[in-house]
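A lone chain, given as structure tokens: the form predicted on its own.
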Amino acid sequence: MSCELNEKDRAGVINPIFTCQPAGAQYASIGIEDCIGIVHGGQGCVMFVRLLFAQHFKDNFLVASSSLHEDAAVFGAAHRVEEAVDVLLMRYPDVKVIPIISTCSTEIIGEDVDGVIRKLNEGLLKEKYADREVHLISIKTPSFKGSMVTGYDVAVKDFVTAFAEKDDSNGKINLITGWVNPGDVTALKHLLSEMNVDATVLFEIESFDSPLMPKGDAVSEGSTTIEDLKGTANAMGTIALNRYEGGEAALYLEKKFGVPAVIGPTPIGIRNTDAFLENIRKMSGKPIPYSLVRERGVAIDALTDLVHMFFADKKVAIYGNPDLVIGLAEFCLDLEMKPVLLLLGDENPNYLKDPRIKELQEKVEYDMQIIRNADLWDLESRVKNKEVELDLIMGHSKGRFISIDYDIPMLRVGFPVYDRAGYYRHPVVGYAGAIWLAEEMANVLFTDMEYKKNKEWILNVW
């Protein structure tokens, strides 16, 4: 019996789990109020990412492109950034933050984005927009390395680095949520509110679940302000829920400004939510109230109704963002399930020393594979060749055809989910998330039992 962390055993990518770094930087940027990013690259680097956002959230988001063409690869394209900044500021009078997000094409030709920003700060912004607050930020996210996860992490650190200013303590906690959904932010803010803890949520995306108002404004944006970002240097501590999605920013604030950092665990399931609340208690000095103890009890009762009869020994494959995958795997183990295959979709060398993975390797008493730099072919080939037997797949919508073709039930979770309605409204974190996840897993399995006539008598209570 072993739990092994392995590299993908072939070259090339077939049906990738992730998209590229600029997508993660764009996701971070749309979480900031009065911010429109310029993706310095081909137009597709924005168009397809915005499509993913729109498919997942069923809303529209503003991201601009410098729209490079073939001549830029030969002659450079600094002028396209200058034009793009000018056009954005003319067209959108409320824009204050403009991240310049590089891509594979501009990184390969060695575009000097930092130099362009200095030129704009000393020229265009002083001459034409002297009466406006404008912040240009360089975010380097070449697509030929990393993934959307590392791109998000890079962007979060770059935003915090650009704005954090030391001043008097603000008595707040910085909460870096990572790549989550609006429902997750709502659940986290509920936990903080119950503990009477004031927090700066980075990046505040609860507003992505935006209303359609009579004035016809159909564009969503985040709620993190410039003042929020400046104040991160003055918090009493930072909690980054995800090691790979905001952890670097937390460490930067600790090293630069002495703001204590706690990284993880991702509060998926009971024990990780317990750990999150304990971290909040230690950092804030506020007690965990009875209301959350009761909420925890409700969640445990809901899980107890399902665990032994329906979940025990069910074999699961999980793919997606690494913190989500590991958190889900830990939750499944607590539910007596057996996550047998974990697929991490990039080559991050830090997986090798991740304490959570080391704990799995030490404690798991059956065969588990963790594949680094994986793609969805790693899942399909193992199912096709009967290397693994699965009762459930957990991951985003890109893996749905494996579920369909091999008749394995699947719970959509992660990003993007576009073939199920409203999943972004439901949390996977906190006690509420534990209930939602467990009941959704159960319902997926129940439906599969009914269609396959497989032990459906278990559901018959009469």
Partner chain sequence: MPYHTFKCSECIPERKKHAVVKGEDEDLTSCLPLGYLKTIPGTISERGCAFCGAKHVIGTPMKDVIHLCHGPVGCTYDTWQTKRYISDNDNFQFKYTFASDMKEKHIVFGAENLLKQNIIEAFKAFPEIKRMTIYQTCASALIGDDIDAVAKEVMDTMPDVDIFVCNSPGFAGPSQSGGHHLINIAWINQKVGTFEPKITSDYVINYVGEYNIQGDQEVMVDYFKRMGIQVLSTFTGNGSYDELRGMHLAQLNVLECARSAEYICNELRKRYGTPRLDIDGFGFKPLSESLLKVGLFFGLEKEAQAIIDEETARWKPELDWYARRLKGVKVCLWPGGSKLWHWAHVIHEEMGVDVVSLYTKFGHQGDMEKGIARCEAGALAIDDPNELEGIEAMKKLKPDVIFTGVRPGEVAKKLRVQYINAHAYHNGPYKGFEGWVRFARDIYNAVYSPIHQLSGLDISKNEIDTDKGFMTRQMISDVKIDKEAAIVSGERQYTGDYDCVSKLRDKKYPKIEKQSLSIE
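Residue numbers count along the first chain shown, from 1. Keep in mind it's a predicted model, so treat the numbers as computed, not measured.
Just so it is clear, the following notes concern the form predicted in complex with its partner chain, a form of the same protein that is not shown.
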query: Contact of M213 with its partner chain in the predicted bound form (heavy atom, 4.5 Å); finding: yes
query: 4.5 angstroms heavy atom contact with its partner chain in the predicted bound form for D168; finding: no
query: Contact flag, S403 vs its partner chain in the predicted bound form, heavy atom cut 4.5 Å; finding: no
query: 4.5 Å heavy atom contact, K58 and its partner chain in the predicted bound form; finding: yes
query: In the predicted bound form, the residue from Y423, Y431, Y27, F415 that sits within 4.5 Å of its partner chain by heavy atoms; finding: F415
query: Listed residue that, although its partner chain is not shown, lies within 4.5 Å of it in the predicted bound form (heavy atoms), from S220, Q369, N234, T225; finding: S220
query: Option from 192-200, 351-359, 205-213, 153-161 whose residues, in the predicted bound form, bring a heavy atom within 4.5 Å of its partner chain; finding: 205-213
query: Partner contacts in the predicted bound form for 55-75 (non-hydrogen atom within 4.5 angstroms of its partner chain); finding: Q55, K58, D59, N60, L62, V63, A64, S65, S66, S67, L68, H69, E70, D71, A73
